[in-house]
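Take a look at this one chain, the form predicted on its own, written out in structure tokens.
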Amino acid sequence: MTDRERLPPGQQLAAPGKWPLVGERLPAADDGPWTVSIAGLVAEPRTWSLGELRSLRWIEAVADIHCVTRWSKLGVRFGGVLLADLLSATGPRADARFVSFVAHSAREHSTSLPLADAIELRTMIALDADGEQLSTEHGGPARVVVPGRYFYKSLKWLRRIDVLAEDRLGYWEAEAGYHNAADPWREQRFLVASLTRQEMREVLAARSFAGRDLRSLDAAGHELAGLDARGALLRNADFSRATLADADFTGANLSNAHFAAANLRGASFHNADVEGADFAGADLRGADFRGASLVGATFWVPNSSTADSAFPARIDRSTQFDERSLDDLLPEQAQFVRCAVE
């Protein structure tokens, strides 16, 4: 199987040897030796130090990383222990149905899986990556690795595993609207919008999204020139074919938003999060991407069979980028943008 065949729909390969950084960079301040514990619906709650984890049955497994922001890193060799082995040592009760992984982070963010799925997928607690100790920015000293799911299910900085009878949505699922199943082959990235049709019509008519939470908004094909969307939460919003000339998305979160074939002349994405956003076929002349986070963003889709993405974005010297933002792009996208602005 070729690398391209190993990519789920909508994913792009990261540069060779590069592991893009997304999300938080550091755990909460250390308050003593790192431990990983299991509690909840188990016969015998347990806590392991890092040394004790390394003394257990050690496995190495090769896994492909698929980030929800549309980049993939193939063939990472993780070293650690199977979640199933830790659970065997604690004895889950008969009514145990879910596991919740809790991070040692400022907000103790978490994610969850059905217990049966976690075992079937050979979920592991990883301490090493490619033969070296897992770095802090990538979730060390201990992180979850769930093969076959978007990587937000592979929690950084693991400190606690709660065994539960009922599911407990994690931060990204409950607060950011990420899909709880997270199957990359089914593109289970986000939940659908919660707005009613009437509410959506009112929002679009006002042309002011500033500071609002409008995740998964459907604005495809709408006339929204001059839109004020400063600081808005617009993850997975659909602006395909919309007229957004001079729109202001400064500081907005547009992760995985769809802008294919949109008119974005003069639009501002200054300091915005546009990770995984699709700009193929969009008119970006005069647009400002300085300070924007562009990890996984798409400006052209080779051999696309979709009409909106069949052509590359229109970029020229009037389109503004800075080097940091360009460095975020995956190799094919960075090459296209650099050539277009020169």
Ligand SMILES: Nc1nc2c(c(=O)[nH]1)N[C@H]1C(S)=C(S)[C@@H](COP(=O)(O)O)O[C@H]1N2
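The model shown is predicted, which means the values in this text are computed figures rather than measured ones. A residue's number is simply how far along the shown sequence it sits, counting from 1.
Omitted from view is the form predicted in complex with this ligand, to which the following refers.
Though the partner is left out of this view, Trp172 does reach within 4.5 Å of this ligand in the predicted bound form, counting heavy atoms only.
Within this chain, Phe151 lines the site of this ligand in the predicted bound form, having a heavy atom no more than 4.5 Å away. Using a 4.5 angstroms limit between non-hydrogen atoms, Glu24 touches this ligand in the predicted bound form. This ligand is not shown here, but in the predicted bound form it comes within 4.5 Å of a heavy atom of Arg107.
Note on the interface: of 292-300, 312-320, 34-42, 65-73, the segment with non-hydrogen atoms within 4.5 angstroms of this ligand in the predicted bound form is 65-73.
For a residue to qualify, one of its non-hydrogen atoms must sit within 4.5 Å of this ligand in the predicted bound form; none of Trp48, Ala96 and Asp162 qualifies.
Contact with this ligand in the predicted bound form, defined as a heavy atom within 4.5 Å, holds for exactly one of Ala182, Val146, Ala129, Ala103, namely Ala103. Contact with this ligand in the predicted bound form, judged by any heavy atom within 4.5 Å, is made by just one of Leu155, Ala257, Ala242, Leu227: Leu155. Shown here without this ligand, the chain has Glu137, His138 in 111-139 lying with a heavy atom within 4.5 Å of that partner in the predicted bound form.
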